[in-house]
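Single chain ahead, written as structure tokens, the form predicted on its own.
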């Protein structure tokens, strides 16, 4: 095989370069930093459980949008029987009014992009 040594050295350099972000994160410890979204509220319960909201809040918001805008249904019954108004601004933003410290913290960490909620809704004046 011609130039086998050069090819092997090239492959090693390629592997080091392609995996350098992983090594950098492991060395700096940044990969272990998990965002802690800030919640400002006196409310004790969300419309759904914490785990459900962490995993499926986008599905719930899409469902609420479709029901409220297309079907005119405005009331959400939580599993505990409590009823909430299906409203991003009237319900969700009462507790999650700081977009930078709540929405952006997780969306930037997980690199899923910015939520398109703000394409239609105004970004609330952030409460510090």
Partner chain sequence: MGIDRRKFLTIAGLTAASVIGRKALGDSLSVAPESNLLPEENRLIGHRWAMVVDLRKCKEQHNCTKCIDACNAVHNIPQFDNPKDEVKWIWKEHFKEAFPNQEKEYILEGLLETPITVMCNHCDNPPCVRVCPTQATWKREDGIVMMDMHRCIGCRYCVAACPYGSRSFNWRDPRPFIKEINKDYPTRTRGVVEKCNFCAERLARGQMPACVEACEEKALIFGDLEDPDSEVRALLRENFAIRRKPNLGTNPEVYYIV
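Numbering follows the first chain given and starts at 1. If you're wondering where the values come from, they're calculated on a predicted model, not measured in any experiment.
Separately, the form predicted in complex with the partner chain exists; it is not shown, and the next lines address it.
**Student:** Of the residues 43, 51, 59, 32, which one places a heavy atom within 4.5 Å of the partner chain in the predicted complex?
**Tutor:** Checking each option against the partner chain in the predicted complex, the one that comes within 4.5 Å is 59.
**Student:** Note which of 112, 120, 22, 13 lies within 4.5 Å of the partner chain in the predicted complex, where distance is taken over heavy atoms; exactly one does.
**Tutor:** By the 4.5 Å heavy-atom cutoff, the listed residue in contact is 120.
**Student:** Any chance 36, 95 and 102 all have a heavy atom within 4.5 Å of the partner chain in the predicted complex?
**Tutor:** Verified in the predicted complex; spot residues all out of contact, no.
**Student:** So in the predicted complex, does residue 27 come within 4.5 Å of the partner chain, heavy atom to heavy atom?
**Tutor:** Close contact is absent here: in the predicted complex, residue 27 is far from the partner chain, nothing within 4.5 Å, heavy atoms only.
**Student:** Between 66-91 and the partner chain in the predicted complex, list the residues on our side with a heavy atom within 4.5 Å.
**Tutor:** In sequence order, 67, 69, 70, 72, 73, 74, 75, 76, 77, 83, 86, 89 come within 4.5 Å of the partner.
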